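Form predicted alone, single chain, as structure tokens, below.
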Amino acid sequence: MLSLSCKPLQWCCLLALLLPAWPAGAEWFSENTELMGTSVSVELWGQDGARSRELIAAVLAEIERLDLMMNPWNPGSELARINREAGRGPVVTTPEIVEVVTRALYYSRLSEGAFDISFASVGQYYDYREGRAPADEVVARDRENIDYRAIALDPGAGSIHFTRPGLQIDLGGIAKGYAVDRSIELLQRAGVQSAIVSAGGDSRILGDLGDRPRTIGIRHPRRPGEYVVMIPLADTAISTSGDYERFFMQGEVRVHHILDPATGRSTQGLQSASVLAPRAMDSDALSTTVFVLGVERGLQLINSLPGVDAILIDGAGKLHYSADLLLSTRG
């Protein structure tokens, strides 16, 4: 059952108060760093300290490798090369990018364009640190390049081609989830039975705490350090997209990084969207999708997907649950 709370907490991922009855000598090992433009943390339960630290280092190295590959702002990245060259013809790229783009296009079709990695055609002109948004004429000019149907992907050849020369892509709405999944897979292959990997708003839990699930907090969108919902989770992923992550104020309007592909402007209507799914790549993409769709259409989509749930906070701060979670809160 979900528990509601607005008390200040120190950590997003809270350990249960009672420790599990696991083998003597085992303990939690963890490390935090900055990767993929956000805070990344790895925590695992192990008996061999040296081996556990080695696995954590391997996870962080994998995330860094994917970051170097998929960062559109790094001129030397594979994704930056694609953005430079794919408008002129097919570009053979890495299996990882083919996999991520394949899944991204699936969600573009499923949502009828609410999720669209070509939002970068306009998104590239926003500067959230400097508080700058593109002029109306720039948005009007390049909004036509936001069109997932103009991304021609050939999985067999491992190539990608943009049929609109001005099109650009950004994998920020799905790449962190993919990196989290790859990390969990690495730990599973090594025999780890309990762990959590987080990259910004994307987390995936492997196993549990032995006799009880791990509790994850969904932060209050307007009150730093507070959480609105505490969710006990095991063997699942959760992603949150919020208008508080990267934003600046333009008068009374909050200009944030989640753009509506139909307008090229920041989506209005929700403060945050959290999605639970078996894989972080899916929860990552779906949290962005639902944020763009809004409460009614977003929950309609989530309720149509088996094994997927959502918690939304609308512009007035009201909580909305997907059908299965709503039943659990009333149970």
Ligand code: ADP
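So that there is no doubt, residue numbering starts at 1 and follows the sequence shown. Because the structure is a prediction, the values reported are computed rather than measured.
Same protein, other form: the form predicted together with adenosine-5'-diphosphate, not shown, and the subject of what follows.
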item: adenosine-5'-diphosphate contact in the model of the complex: Ser183, any heavy atom under 4.5 Å; value: no
item: Contact test in the model of the complex: Ser272 vs adenosine-5'-diphosphate, heavy atoms, 4.5 Å; value: no
item: In the model of the complex, Ala114 touching adenosine-5'-diphosphate (heavy atom, 4.5 Å); value: yes
item: Interface membership of Leu187, adenosine-5'-diphosphate in the model of the complex, 4.5 Å heavy atom rule; value: no
item: Partner-facing stretch of 132-140, 214-222, 247-255, 165-173, counted where any non-hydrogen atom is within 4.5 angstroms of adenosine-5'-diphosphate in the model of the complex; value: 165-173
item: Single option in Ile82, Val100, Ile238, Leu259 placed near adenosine-5'-diphosphate in the model of the complex, where near means a heavy atom within 4.5 Å; value: Leu259
item: Heavy atom within 4.5 Å of adenosine-5'-diphosphate in the model of the complex - the one residue of Val292, Ile56, Leu276, Ile302 that qualifies; value: Val292
item: Partner contacts in the model of the complex for 263-292 (non-hydrogen atom within 4.5 angstroms of adenosine-5'-diphosphate); value: Asp284, Ser287, Thr288, Val292
